[in-house]
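Read the single chain below, which is given as structure tokens and is the form predicted on its own.
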Amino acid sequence: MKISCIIVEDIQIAADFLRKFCEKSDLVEVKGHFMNVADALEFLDREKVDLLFLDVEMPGANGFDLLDRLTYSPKIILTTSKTEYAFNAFQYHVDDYLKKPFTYKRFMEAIEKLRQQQAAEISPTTTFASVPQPDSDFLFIKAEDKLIKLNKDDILFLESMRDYVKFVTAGKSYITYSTLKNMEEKLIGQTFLKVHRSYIVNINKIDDIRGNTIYVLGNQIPIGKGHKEDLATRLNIL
């Protein structure tokens, strides 16, 4: 199955260059090209894709603004001619970073990495050891070379760490090989809510909210713009 994508790039020749690589690979289907964040978000509100090729500098809102407003978590490959965005890319847990001009070989390395991640997401050996029932009050995760039982009520929040997810409790953190998307499918709809591209929080553990930051037992968790409305609804904010 091909990876569906959109290209968000304000320079037409760069977008054409990337589209040719996608077509040549026969692994990536381009669903659209958008020259600004607003048009891309309008499309993404109607249709979900697997992958975004995302430039950073564009007229108006930039690529990181788009990531703040996304309400779901597609794979993200940044495409930029500048290296100074590497730290922000790390903070946003993007899946790869293609510095322009990049070769077809480098492009394919990024695509193969995503295909391996997708395979891992659907493999039962890389997620939970056993899928809990919807009314189960615990789950098992693979961490520290063993299966660890976690009571859901003990989990403060989950943080994406690229190919891994960190479960944070009051006493300890556990890192398991998986993706936040997979965890979202298992936990969202109970007491857990995705509040940012990289975070799922146990809403019963929220101490307070200040501006765009949630505080949970001394931990600061950012609120993505695209998740503010859901958070307000779930918390019954007046």
Partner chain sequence: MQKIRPAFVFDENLNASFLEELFEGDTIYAETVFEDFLKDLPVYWARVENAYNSKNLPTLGTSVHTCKTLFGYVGFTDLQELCQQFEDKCSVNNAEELRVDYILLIQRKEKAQHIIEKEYTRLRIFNGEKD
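Residue numbers count along the first chain shown, from 1. Small disclaimer: the values here were computed from a predicted structure and weren't measured.
This protein has a second form, the form predicted in complex with its partner chain, left out of what is shown; the following refers to that one.
- The partner is absent here; in the model of the complex, the one residue of Phe140, Phe102, Tyr164, Tyr97 having a heavy atom within 4.5 Å of its partner chain is Phe102.
- Listed residues Gln117, Asn88, Ser81, Thr71 were compared with its partner chain in the model of the complex; Ser81 is the one with a heavy atom within 4.5 Å.
- If you check its partner chain in the model of the complex, you find a heavy atom from every one of Phe17, Lys24 and Glu57 within 4.5 Å.
- Although the partner is absent here, Gln220 lies well away from its partner chain in the model of the complex, with no heavy atom inside 4.5 Å.
- A residue is said to contact a partner when one of its heavy atoms sits within 4.5 Å of a partner heavy atom; Asp10 meets this definition for its partner chain in the model of the complex.
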